Structure formats: C-alpha cells, structure tokens
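The chain below stands alone and is given as structure tokens, in the form predicted alone.
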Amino acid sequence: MATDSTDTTRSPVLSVRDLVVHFQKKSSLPFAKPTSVVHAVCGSSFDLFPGETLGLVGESGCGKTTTGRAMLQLAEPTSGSIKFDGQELVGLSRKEMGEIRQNLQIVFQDPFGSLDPKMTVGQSIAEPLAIHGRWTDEEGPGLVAEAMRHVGLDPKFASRFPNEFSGGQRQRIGIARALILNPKVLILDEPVSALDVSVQAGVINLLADLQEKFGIAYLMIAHDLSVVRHVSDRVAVMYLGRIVEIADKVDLYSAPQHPYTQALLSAAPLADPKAERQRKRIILEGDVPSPTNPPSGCRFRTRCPKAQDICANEIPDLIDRGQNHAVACHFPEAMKII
C-alpha cells in the first residue's frame, strides 16, 4: 500500500487510501459496447488534516478534479477507501452520502456555470439549507445574509440574479453557498483559474480569512503553482492518475525529489528577473501518455531522464523517506529549483 506523508499527532478529517477511479470510454456508435477504460485515478493516497490546506497540482488531465469529485462520491470510486472523520464513504447509499455532504462541500471552477441563472443569489445560497431540511422562514434569511457578509457581499443584493454580478462576485456567491452549512472540508476545484488576475488575489485572500475564522480544511485543486504555494500548507503532485510526491510546501518547493515535480517547478516563472535568468529549465521530452493505455511500472518513465529497467517493471510506492516528505520514485534525489 502507498503511504502518505502524515502527521501522527493529529487525526485526519479526510483520509484517502489506494483510490482508483476508472471510466468506461463509450463508442460513438449507438448500442455499441465500451471500447476502452480511462484510468483516471490509480492508487492515490493522502490525508487532509483539520484546518489545513492541501494543494493538489499537476498537468491537465492528470486526475486532480476526478479525485476531488470522488471525495463527494460525484465520481464513483472503482476501489479504495475514502474516510471522513473515520467513516467510510465508499459504498454509502445516496441518502447516507447526502447527510455527509453537509460537512463536505465543493466550490466549482466555473463561477458562471455553477449558478442557476433562473434563481436569485439569495435562493442559490439558501438552496443547501432547503435540501438538507435546515431552512426555516424565521432563521433562513438571516443565515443567507450572514453568509453573504462573510464573503464580502452586501445582503441587499440577495434578490438579484447571477447575470448582474462579475466573475469574482459569482465565485464569492459559490463560496457563500458552500459555507452556509458550516462544513468541515471544502473541495476547491480551480477556484480562481477562470477569473482575471486582478480578481484572483481577492478571492484567495478571502479563502484564507474564512479558513482562519472557521477552521475549515481545504483541498485546493489547481495547476497554478504560484497560487498553490501561496495558500497551501502541504502540496501533492499528481501525474497520470498517481500522486508522485507530497510534502510540506517549503520542502517541496525548495528541494523537490521527483523528476516530474522538478520539471514542473522549473517551468514556473519567478518574480525575480535575475533569479529567472540564472536558473536552468528542465525540458521534458515526449507527450503525456494516454490514460487509456498508461505505461507499465512508473507512469513517468517514458519522459524521465533517470528511467532504468526497474522503472518499467515495478510501480514505485509513495514512501516517506523522512521529514514528512513522500516520493514515488525508484531514484529520488533532492534538487534546488526555486
């Protein structure tokens, strides 16, 4: 079994072990059988602790969003274990999972598509209360107003419709909708990638303030390494459905040990022009393999400059080699990148 880089002094609020999510790829012909299997997530393991932010990064299509959706059972796991506060989520009925979702909420990437254009902002924010049977005419309006104030919106705008708000404001509405149930965990699926750069900082700072105020744990799914570095306590790096490295953000950014992490960080721009000119960019050869036919052994081996015969024959376990820094590589080596 793969092992996560964990803190043994605390109990995780969310614990994932050997998570596998496969999808049947359908044929374009009607009534035809599925033609292949998409290996979206293959054996990922990690822990999320109360009040912390775990960043999940990687290239597009690596399985980040599927992992987040599996936490809520929006993507059905093929196998593995997902425990919330010690309770197993895999295999729960729809009703049982509905009760858990009060404490496990998600903020979607697209602030424009995640809100019903026919519902007012107040109705959208109040919808989770109604779904979970917690809405009352006496307390409901006050809870909606409070949620709007928490995200920096004036409650008097509750009667307006989503098209009357900017992208940043819509994302704040989505955050308010997730917060109104007082969840313990928020899955943040690329929460600022669809926003203008000038708006991103405001939403990121808002999330940090809300976490400090309410003690919520965040799973931050993102591809922007600078955003992840700013908001995360720990960072997990994913490649083609597998987590290849997970560590404290300072350790991971200062001395990454997996060749893929090193290549990712070498491509991230630096704010210091002098440092940017002096560092060496790591260029990966080849394309990302198809998730319908992933390589044997280490999935990164087809693009890895260190690959040897063992890499094709044995899948490297995610092993903590000290200081809560876990790496899935047969030949890990720390390298200063940033």
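Just so it is clear, the structure is predicted and the values come from calculations on it, not from any experiment. Quick note: we count residues from 1 along the sequence shown, nothing fancier.
There is another form of this protein, the form predicted together with a small molecule, and it is not shown here; the text below is about that form.
J.: Which residue, Cys62, Cys42, Ala70, Leu48, is the contact with the small molecule in the model of the complex, using a 4.5 Å heavy atom cutoff?
T.: Of the candidates Cys62, Cys42, Ala70, Leu48, Cys62 is the one lying within 4.5 Å of the small molecule in the model of the complex.
J.: Is Asp251 part of the interface with the small molecule in the model of the complex - any heavy atom within 4.5 Å?
T.: Outside the cut-off, so no.
J.: Answer with yes or no whether Gly55 is in contact with the small molecule in the model of the complex, where contact means some heavy atom within 4.5 Å.
T.: No, Gly55 sits far enough from the small molecule in the model of the complex that none of its heavy atoms falls within 4.5 Å.
J.: Report whether the minimum heavy atom distance between Glu190 and the small molecule in the model of the complex is within 4.5 Å.
T.: Result yes; Glu190 sits at the interface with the small molecule in the model of the complex.
J.: Taking the small molecule as it sits in the model of the complex, is Leu284 near enough to touch it, meaning that at least one heavy atom pair lies within 4.5 angstroms?
T.: No, Leu284 sits far enough from the small molecule in the model of the complex that none of its heavy atoms falls within 4.5 Å.
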